[in-house]
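This document starts with one chain, in the form predicted on its own, laid out as C-alpha coordinates.
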Amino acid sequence: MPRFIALIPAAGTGSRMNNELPKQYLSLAGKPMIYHALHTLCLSSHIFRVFVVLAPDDHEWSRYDWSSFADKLTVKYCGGATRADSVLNGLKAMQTDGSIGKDDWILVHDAARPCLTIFQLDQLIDALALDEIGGLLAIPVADTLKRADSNQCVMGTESRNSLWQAQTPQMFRLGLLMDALSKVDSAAITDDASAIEASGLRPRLVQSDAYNFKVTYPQDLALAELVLQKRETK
(Lines give C-alpha, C1' and ligand atoms only; values in the text may rest on other atoms or scores of the structure.)
Protein backbone atom coordinates (compact mmCIF):
# COMPACT_ATOMS: atom_id res chain seq x y z
CA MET A 1 0.00 0.00 0.00
CA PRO A 2 1.28 3.49 -0.82
CA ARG A 3 2.40 5.48 2.21
CA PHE A 4 1.98 9.13 3.07
CA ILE A 5 5.20 11.14 3.33
CA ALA A 6 5.35 14.82 4.30
CA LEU A 7 7.91 17.22 2.86
CA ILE A 8 8.54 20.73 4.18
CA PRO A 9 10.75 22.92 1.96
CA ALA A 10 12.42 25.33 4.40
CA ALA A 11 15.41 26.76 2.56
CA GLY A 12 14.00 30.26 2.04
CA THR A 13 14.85 33.52 3.79
CA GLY A 14 11.39 35.07 4.23
CA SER A 15 12.53 38.51 3.06
CA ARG A 16 9.05 40.06 3.40
CA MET A 17 9.14 39.56 7.16
CA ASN A 18 11.79 42.31 7.55
CA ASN A 19 13.88 40.09 9.79
CA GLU A 20 17.41 38.73 9.39
CA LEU A 21 16.35 35.37 10.83
CA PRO A 22 14.85 33.02 8.21
CA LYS A 23 11.06 33.04 8.56
CA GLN A 24 10.77 29.38 9.53
CA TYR A 25 12.77 30.09 12.71
CA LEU A 26 10.88 33.16 13.92
CA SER A 27 9.47 32.68 17.40
CA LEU A 28 5.80 31.70 17.48
CA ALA A 29 4.10 30.66 20.73
CA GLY A 30 7.51 30.02 22.28
CA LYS A 31 8.77 27.78 19.46
CA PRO A 32 10.35 28.34 16.03
CA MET A 33 7.54 28.68 13.49
CA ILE A 34 8.37 25.45 11.66
CA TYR A 35 7.88 23.50 14.91
CA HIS A 36 4.09 23.86 14.72
CA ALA A 37 3.77 22.37 11.22
CA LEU A 38 6.14 19.57 12.21
CA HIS A 39 4.12 18.86 15.34
CA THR A 40 0.90 18.39 13.37
CA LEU A 41 2.49 16.27 10.64
CA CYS A 42 4.41 14.04 13.07
CA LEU A 43 1.35 13.63 15.28
CA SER A 44 -0.74 12.29 12.39
CA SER A 45 -1.21 8.53 12.40
CA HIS A 46 -1.40 8.67 8.58
CA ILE A 47 2.06 10.18 8.06
CA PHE A 48 4.86 7.62 7.77
CA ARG A 49 7.81 10.02 7.62
CA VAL A 50 8.44 13.77 7.54
CA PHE A 51 11.29 15.28 5.52
CA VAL A 52 12.55 18.83 6.00
CA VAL A 53 14.64 20.38 3.21
CA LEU A 54 17.06 23.06 4.45
CA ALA A 55 19.59 25.29 2.73
CA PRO A 56 23.08 23.72 2.56
CA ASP A 57 24.44 26.56 4.73
CA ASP A 58 21.62 26.53 7.31
CA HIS A 59 23.10 27.04 10.79
CA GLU A 60 19.88 27.69 12.70
CA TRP A 61 18.32 24.23 12.69
CA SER A 62 20.93 22.77 15.03
CA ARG A 63 20.21 25.44 17.64
CA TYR A 64 16.89 23.79 18.56
CA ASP A 65 15.84 20.50 20.11
CA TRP A 66 13.90 18.37 17.63
CA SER A 67 14.20 15.12 19.55
CA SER A 68 10.44 14.83 20.12
CA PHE A 69 10.04 14.23 16.37
CA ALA A 70 12.98 11.85 16.02
CA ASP A 71 10.92 8.75 15.19
CA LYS A 72 9.55 10.31 11.99
CA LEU A 73 11.80 13.25 11.10
CA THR A 74 14.57 13.29 8.46
CA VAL A 75 16.51 16.45 7.57
CA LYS A 76 18.13 17.03 4.18
CA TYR A 77 20.49 19.95 3.51
CA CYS A 78 19.74 20.13 -0.21
CA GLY A 79 17.61 23.26 -0.66
CA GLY A 80 17.74 25.06 -3.97
CA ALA A 81 17.43 28.60 -5.30
CA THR A 82 13.63 28.41 -5.52
CA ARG A 83 10.88 26.63 -3.63
CA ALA A 84 10.34 24.27 -6.59
CA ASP A 85 14.08 23.47 -6.67
CA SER A 86 14.01 22.64 -2.96
CA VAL A 87 11.01 20.34 -3.39
CA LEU A 88 12.56 18.56 -6.37
CA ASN A 89 15.90 18.16 -4.58
CA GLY A 90 14.05 16.78 -1.57
CA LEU A 91 12.18 14.28 -3.70
CA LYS A 92 15.43 13.09 -5.28
CA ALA A 93 16.94 12.69 -1.82
CA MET A 94 13.90 10.64 -0.78
CA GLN A 95 14.41 8.27 -3.70
CA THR A 96 18.07 7.71 -2.91
CA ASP A 97 17.03 7.03 0.69
CA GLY A 98 15.66 3.71 -0.56
CA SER A 99 12.59 3.42 1.66
CA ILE A 100 10.32 5.73 -0.38
CA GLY A 101 8.73 4.51 -3.61
CA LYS A 102 7.49 6.39 -6.67
CA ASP A 103 3.87 5.50 -5.86
CA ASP A 104 3.99 6.83 -2.31
CA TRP A 105 2.00 9.99 -1.64
CA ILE A 106 4.00 13.15 -0.96
CA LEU A 107 2.33 15.93 1.04
CA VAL A 108 4.29 19.15 0.49
CA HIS A 109 3.58 21.69 3.22
CA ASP A 110 4.78 25.24 3.82
CA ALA A 111 6.82 25.81 6.97
CA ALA A 112 5.02 29.15 7.17
CA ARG A 113 1.57 27.56 7.61
CA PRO A 114 1.82 26.81 11.34
CA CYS A 115 -1.93 26.56 12.00
CA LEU A 116 -2.57 23.36 10.01
CA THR A 117 -4.75 20.95 12.01
CA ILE A 118 -5.01 17.17 12.13
CA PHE A 119 -8.61 17.54 10.95
CA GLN A 120 -7.53 19.41 7.78
CA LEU A 121 -4.79 16.88 7.16
CA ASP A 122 -7.22 13.97 7.54
CA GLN A 123 -9.70 15.66 5.18
CA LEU A 124 -7.03 15.95 2.49
CA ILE A 125 -5.84 12.37 2.81
CA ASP A 126 -9.35 10.91 2.96
CA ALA A 127 -10.40 12.86 -0.13
CA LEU A 128 -7.37 11.99 -2.26
CA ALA A 129 -6.11 8.56 -1.16
CA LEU A 130 -7.91 6.88 -4.08
CA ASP A 131 -7.56 9.77 -6.54
CA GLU A 132 -5.68 9.21 -9.79
CA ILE A 133 -3.83 12.54 -9.66
CA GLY A 134 -3.94 14.16 -6.22
CA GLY A 135 -4.75 17.67 -5.13
CA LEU A 136 -4.50 20.35 -2.49
CA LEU A 137 -6.20 22.14 0.35
CA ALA A 138 -7.82 25.39 -0.78
CA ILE A 139 -10.60 27.84 0.06
CA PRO A 140 -13.04 29.61 -2.28
CA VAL A 141 -12.15 33.28 -2.81
CA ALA A 142 -14.57 35.44 -0.81
CA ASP A 143 -13.18 38.96 -1.28
CA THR A 144 -13.76 41.26 -4.25
CA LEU A 145 -10.72 41.17 -6.54
CA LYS A 146 -9.29 44.28 -8.18
CA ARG A 147 -6.72 44.39 -10.99
CA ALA A 148 -4.26 47.28 -10.61
CA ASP A 149 -2.00 49.19 -12.99
CA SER A 150 1.64 50.12 -12.31
CA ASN A 151 0.48 53.10 -10.20
CA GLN A 152 -1.74 50.87 -8.03
CA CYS A 153 -4.88 52.33 -9.48
CA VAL A 154 -7.83 50.05 -10.21
CA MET A 155 -8.06 48.89 -13.82
CA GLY A 156 -11.09 46.69 -13.22
CA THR A 157 -12.92 44.27 -10.97
CA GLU A 158 -12.28 40.57 -11.55
CA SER A 159 -14.93 37.90 -11.20
CA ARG A 160 -14.29 35.62 -8.23
CA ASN A 161 -16.57 32.89 -9.58
CA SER A 162 -14.83 29.50 -9.45
CA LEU A 163 -11.66 31.03 -7.98
CA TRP A 164 -9.95 29.31 -5.06
CA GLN A 165 -7.01 30.31 -2.88
CA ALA A 166 -4.43 27.54 -2.79
CA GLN A 167 -3.05 26.27 0.50
CA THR A 168 -0.85 23.38 1.56
CA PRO A 169 -0.36 20.48 2.02
CA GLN A 170 -0.48 19.63 -1.67
CA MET A 171 -0.57 15.88 -2.21
CA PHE A 172 0.77 13.98 -5.24
CA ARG A 173 2.58 10.72 -5.99
CA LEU A 174 6.35 11.00 -5.75
CA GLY A 175 6.99 9.85 -9.31
CA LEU A 176 4.34 12.13 -10.81
CA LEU A 177 5.51 15.18 -8.87
CA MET A 178 9.19 14.61 -9.67
CA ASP A 179 8.41 14.29 -13.37
CA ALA A 180 6.25 17.43 -13.38
CA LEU A 181 8.76 19.58 -11.48
CA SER A 182 11.65 18.47 -13.69
CA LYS A 183 9.87 19.80 -16.79
CA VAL A 184 8.97 23.34 -15.68
CA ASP A 185 10.79 26.62 -15.09
CA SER A 186 11.25 26.50 -11.32
CA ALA A 187 11.31 30.30 -11.06
CA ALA A 188 7.82 30.50 -12.54
CA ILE A 189 6.25 27.87 -10.26
CA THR A 190 4.80 29.10 -6.97
CA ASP A 191 3.24 25.81 -5.86
CA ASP A 192 3.43 22.12 -6.68
CA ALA A 193 -0.04 21.98 -8.19
CA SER A 194 1.10 24.45 -10.87
CA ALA A 195 3.70 21.95 -12.06
CA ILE A 196 1.09 19.19 -12.20
CA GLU A 197 -1.24 21.50 -14.16
CA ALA A 198 1.57 22.26 -16.62
CA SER A 199 1.64 18.52 -17.36
CA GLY A 200 -1.98 18.77 -18.52
CA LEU A 201 -3.49 17.24 -15.38
CA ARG A 202 -6.19 18.66 -13.12
CA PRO A 203 -5.52 18.42 -9.36
CA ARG A 204 -8.54 18.18 -7.07
CA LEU A 205 -9.42 21.01 -4.67
CA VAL A 206 -10.22 19.92 -1.11
CA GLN A 207 -11.97 22.63 0.88
CA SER A 208 -10.08 23.88 3.91
CA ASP A 209 -10.61 27.00 6.02
CA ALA A 210 -8.98 30.40 6.47
CA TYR A 211 -7.09 29.39 9.63
CA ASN A 212 -4.58 27.50 7.51
CA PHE A 213 -3.10 30.78 6.27
CA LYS A 214 0.48 31.49 5.28
CA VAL A 215 2.58 33.76 7.48
CA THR A 216 3.98 36.24 4.97
CA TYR A 217 4.12 39.62 6.72
CA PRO A 218 4.91 40.59 10.36
CA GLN A 219 1.22 41.11 11.20
CA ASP A 220 0.49 37.52 10.13
CA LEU A 221 2.77 36.27 12.89
CA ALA A 222 0.65 38.00 15.53
CA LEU A 223 -2.52 36.48 14.07
CA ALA A 224 -0.99 32.99 14.05
CA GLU A 225 -0.04 33.45 17.70
CA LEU A 226 -3.67 34.23 18.57
CA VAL A 227 -4.95 31.19 16.68
CA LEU A 228 -2.51 28.84 18.41
CA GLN A 229 -3.17 30.35 21.84
CA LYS A 230 -6.92 29.94 21.38
CA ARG A 231 -6.47 26.24 20.53
CA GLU A 232 -4.35 25.66 23.62
CA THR A 233 -7.05 27.08 25.90
CA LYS A 234 -9.79 24.79 24.53
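All residue numbers refer to positions in the sequence shown, first residue = 1. Small disclaimer: the values here were computed from a predicted structure and weren't measured.
What follows is about the form predicted in complex with cytidine-5'-monophosphate, which we do not show.
Q: May I ask you to choose, among 74, 82, 123, 89, the residue with a heavy atom within 4.5 Å of cytidine-5'-monophosphate in the predicted complex?
A: Selected option: 82.
Q: Residue 112: heavy atom within 4.5 Å of cytidine-5'-monophosphate in the predicted complex?
A: Residue 112 belongs to the contact set for cytidine-5'-monophosphate.
Q: In the predicted complex, which of the stretches 124-132, 138-146, 104-112, 152-160 has residues with heavy atoms within 4.5 Å of cytidine-5'-monophosphate?
A: Selected range: 104-112.
Q: Give, in sequence order, every residue of 193-217 that has a heavy atom within 4.5 Å of cytidine-5'-monophosphate in the predicted complex, or say none if there are no such residues.
A: Contacting residue: only 214.
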